[in-house]
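The form predicted on its own is given below as one chain in structure tokens.
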């Protein structure tokens, strides 16, 4: 097949399509979003009628994928690293239920926190769960490992994690496709109790999972994704994991490293290959994106008095992404980092788009709450989080999806009144519904603003599960009809909106205010598409 120029995310999506998936389940989150979008825009996916709509959150996504696997078909679940926190319950337990049809879970980590609250390393989740992990170092490996992951999943009847990072997800390279597999037929589990995690059954299946680990380690040794390259200078041995292997090789024009190199792209770790490196070398340098998972393991059970260098001893930075220069310095090569880029223009922080409906909402909220002491507005994750910055300085928290409502409730429980939550429409249906239910049950005196811009704006304008449903959801949870208000966030509506917000701030119960106006970016795209169609005469 012809080579294609693909993002790492797109290579994974194409690999899954060619592996014969029947569905992809995901919630948008950078840097994983493009995986699902690629499938949604794929002609092949449309022709096969594959499932590729967004899920309410990562937990429901993984559970949906697990259900497809139960039915014998192949499924891909995709999420960013903090989304794996949301999906942790089904992820950990899916190792014990096992898979039926192939199940691959993509976790896209974000070292350096380009668009995230933390830089956790998803490999810790897979190690904890005894789930095998694949860590591609380039786009071709991302494609090949996705296909291999489904085969591995079905061979051992376990889910497989594919762990990538932002730099791989959002860079392009040529990818050679292979033959396209047909979809699996529906085939229910041979063991009718496989997915029944009653304690007596779960204990048995957990023992079975532990027994599979020796076979999975042997796969790591034999698959070809972990390789040992010998070299003459054995004063240093290098372990390079996933994308870090590329950073290592970029320091050698002929791609010949003078030290033995163990490339790790499949877990569990191949112990015999590590022992070989340890037996031959005086010092070990561990290069890995994220946290020092491999470094800690090597210190734990194979050190034999050797000096192991990496992120823990300061040879490499403890936080942030690696790059070729950081690796060069760790190897004792010249530091080629140039002088800082001169500040020709003043740096400009991100800001809400001109015409964004959130601007009018924050202007009204700031004026309404000005008479109270500051520090009363709990926010969430989305475009509206930019309200923390000047000129608005309107919010006081951003922790995790859905936390705004429950933090406002906790503050109200402590006696803070008024207490306000700001949450987006998509985030509300992701994780805010249960939080609002807690507040309703306790009759908490909080004011909840659900900023409805009719899309999942922060990640590019994906469909929101909340569209057309927010008022009905709030009524169903028990919010009183008289305290559910829909506002139009426009400058000309400022005084009317201000009056509603000010009144509800004084209410000693749960009130919900829904400022609703379409995201200016999605509206612009619609208008441009309409204009182009008009030009074409459609």
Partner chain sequence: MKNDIILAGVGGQGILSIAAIIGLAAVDMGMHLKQAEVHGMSQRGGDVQSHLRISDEEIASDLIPKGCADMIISVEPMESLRYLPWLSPDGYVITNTTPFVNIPNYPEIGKVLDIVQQQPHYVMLDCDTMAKELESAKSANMVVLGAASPFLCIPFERLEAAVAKLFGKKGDAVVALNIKALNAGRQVALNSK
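Keep in mind that what you see is a predicted model, and the values were worked out from it rather than measured. Positions refer to the first chain, counted from 1.
Heads up, the form predicted together with its partner chain isn't pictured, but that's what we're talking about next.
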Even though its partner chain is not shown here, does residue 239 get within 4.5 Å of it in the predicted complex, heavy atoms only? no
Is there any non-hydrogen atom of residue 504 lying within 4.5 Å of its partner chain in the predicted complex? no
Taking 4.5 angstroms as the cut-off for heavy atoms, does residue 170 touch its partner chain in the predicted complex? yes
Are any of the heavy atoms in residue 87 no more than 4.5 Å from a heavy atom of its partner chain in the predicted complex? no
Heavy atoms, 4.5 Å, its partner chain in the predicted complex: which of 243-251, 213-221, 435-443, 364-372 makes the cut? Say which one. 243-251
Exactly one residue in 300, 192, 415, 338 has a non-hydrogen atom within 4.5 Å of its partner chain in the predicted complex; which is it? 338
Would you kindly say which of 346, 232, 198, 182 lies with a heavy atom within 4.5 Å of its partner chain in the predicted complex? 346
Within 4.5 Å of its partner chain in the predicted complex - does that hold for a heavy atom of every one of 34, 114 and 460? yes
In sequence order, the residues of 5-23 that place a heavy atom within 4.5 Å of its partner chain in the predicted complex are 5, 7
